[in-house]
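Given next, in structure tokens, is a single chain: the form predicted alone.
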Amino acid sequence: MDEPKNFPPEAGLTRRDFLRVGALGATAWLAGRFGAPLAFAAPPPAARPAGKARAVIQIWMWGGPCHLDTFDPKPEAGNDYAGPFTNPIATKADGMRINELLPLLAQQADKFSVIRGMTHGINGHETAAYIVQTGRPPGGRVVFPCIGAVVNRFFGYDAGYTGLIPPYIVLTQPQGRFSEAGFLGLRYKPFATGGNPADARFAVEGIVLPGLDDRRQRARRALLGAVNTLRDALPDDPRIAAADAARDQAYELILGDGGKVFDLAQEPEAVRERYGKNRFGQSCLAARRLVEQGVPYVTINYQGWDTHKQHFQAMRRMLPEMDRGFSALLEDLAQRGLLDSTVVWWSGEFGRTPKVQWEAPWNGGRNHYGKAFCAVLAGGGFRGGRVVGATDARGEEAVERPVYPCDVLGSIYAQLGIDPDGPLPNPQGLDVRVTPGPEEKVKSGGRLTELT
């Protein structure tokens, strides 16, 4: 066979070089897909932060839950604001009332605190999601990483994380509203499991493509090994060794014991029932199993809250589901001694319009609303049973102790031992802090010291 033709001299590489780099890139992609620590792409190891919290479970309410219909009820505002929810219930926390369809959470209210003064004023999904999860307003020249990617940077492979499961997991679908890793790069993106945790095949579908059983996976692995000649051609190349390690880790996750953390059938049936045999409930159970295994950041992407039409019909279906899964997660973490070291953060990108849109075609819907909404924090050193801030009588304005996204993120970072005012190391060499500094002129009401 003729020697491969060279590329133009200015390219500085032959076709053989190009193919070699391409194959290495493909293997690096496989490693990145499964979060493997590629030695040739990693920055120098750093000490893992030492804080009260060691992990975060983020319950991301994709679409934006209505504060009036969850943790900031306004029954006195009348039908045009409260709709049919006119009987909020008392909780285990003095003075805290929540929606009547959340009785199980009411019994766990000593474990969580409600922030009723959340605000940022943005009504678009993508831009609101960006500010809530990065703390920075959209539209700048730099795309900042979300909190999950930042925690991955400080707690993941760069800090000596050795777990087989990637350090940043999303259950189950990517959030799709922004680039999670921003300028940190692909290495810090989450691994989205796919699948449905309520499905008996989730342990497989959460890791590999549906339809590929173990036999076919092993056959594919054997074929890959047979045709891969790079190892023989470059026996001493450290990139090949790193890629081999990444591949082996990925296959251990697929075919070995590593993936068993996703096998919820290993849990007693009574525990699975307690969480609710649905996607959200079983995602909460999977999140507990992941932090038990040392995974530092897990996002539950809870879809279905963008209720422009027939909002109250949707709430009667979804609030009991949320109540069951969320309350079981808090109770289970506490019983297992994990709540003290695990932050649980419940939030959407914004709230929904306090005034109900009864007219057609909305027929009792609520629109996007960034001026006032709520969030919930529990565990990881945060105090429970508190209410921070307040909205006005109709839930339209944050009138007491406004809390901005950077305040929440900075408070979570502090509980993890990550200095919110410290530098954020990054491959781009950008001179940036973990949270916005005064020079960035980002609105802030101050960190949530009343909860710590």
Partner chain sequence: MSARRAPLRTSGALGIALLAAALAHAPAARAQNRNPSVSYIYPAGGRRGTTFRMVVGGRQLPDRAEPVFSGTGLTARVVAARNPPRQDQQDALSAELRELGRRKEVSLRRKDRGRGEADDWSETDEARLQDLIELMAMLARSREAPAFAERLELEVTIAPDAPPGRRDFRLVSPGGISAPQIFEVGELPEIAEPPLTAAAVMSTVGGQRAGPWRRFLSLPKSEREAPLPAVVNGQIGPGERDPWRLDLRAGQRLVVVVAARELRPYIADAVPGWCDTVISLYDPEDRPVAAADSWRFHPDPVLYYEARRDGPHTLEIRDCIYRGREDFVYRMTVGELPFVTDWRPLGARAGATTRLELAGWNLDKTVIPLTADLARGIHALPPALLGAYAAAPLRFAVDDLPEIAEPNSRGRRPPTVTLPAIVNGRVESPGESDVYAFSGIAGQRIVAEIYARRLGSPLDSRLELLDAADAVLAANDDHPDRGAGLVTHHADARLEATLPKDGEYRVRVSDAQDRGGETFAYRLRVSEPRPDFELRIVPSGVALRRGATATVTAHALRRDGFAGDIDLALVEAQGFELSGARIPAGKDEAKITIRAGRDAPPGPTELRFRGEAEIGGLRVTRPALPAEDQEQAFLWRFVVPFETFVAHVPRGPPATPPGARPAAAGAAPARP
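Residue numbers count along the first chain shown, from 1. Bear in mind the structure is a predicted one, so any value in this text is a computation, not a measurement.
Keep in mind that the form predicted together with the partner chain is not shown, yet the notes after this line are about it.
Taking non-hydrogen atoms only, N278 never approaches the partner chain to within 4.5 angstroms in the predicted complex.
Proximity of G160 to the partner chain in the predicted complex: non-hydrogen atoms within 4.5 Å are absent; the residue sits far from the partner. The partner chain in the predicted complex comes within 4.5 Å of a heavy atom belonging to H308. With a 4.5 Å cutoff on heavy atoms, V142 does not count as touching the partner chain in the predicted complex; it lies far away. Residues of just one listed stretch (374-382, 282-290, 359-367, 95-103) have heavy atoms within 4.5 Å of the partner chain in the predicted complex: 359-367. Of the residues D232, E269, E76, D80, just one reaches the partner chain in the predicted complex with a heavy atom at 4.5 Å or closer; this is D80. Screening N123, T86, Q303, Q107 for any heavy atom within 4.5 Å of the partner chain in the predicted complex leaves a single hit, N123.
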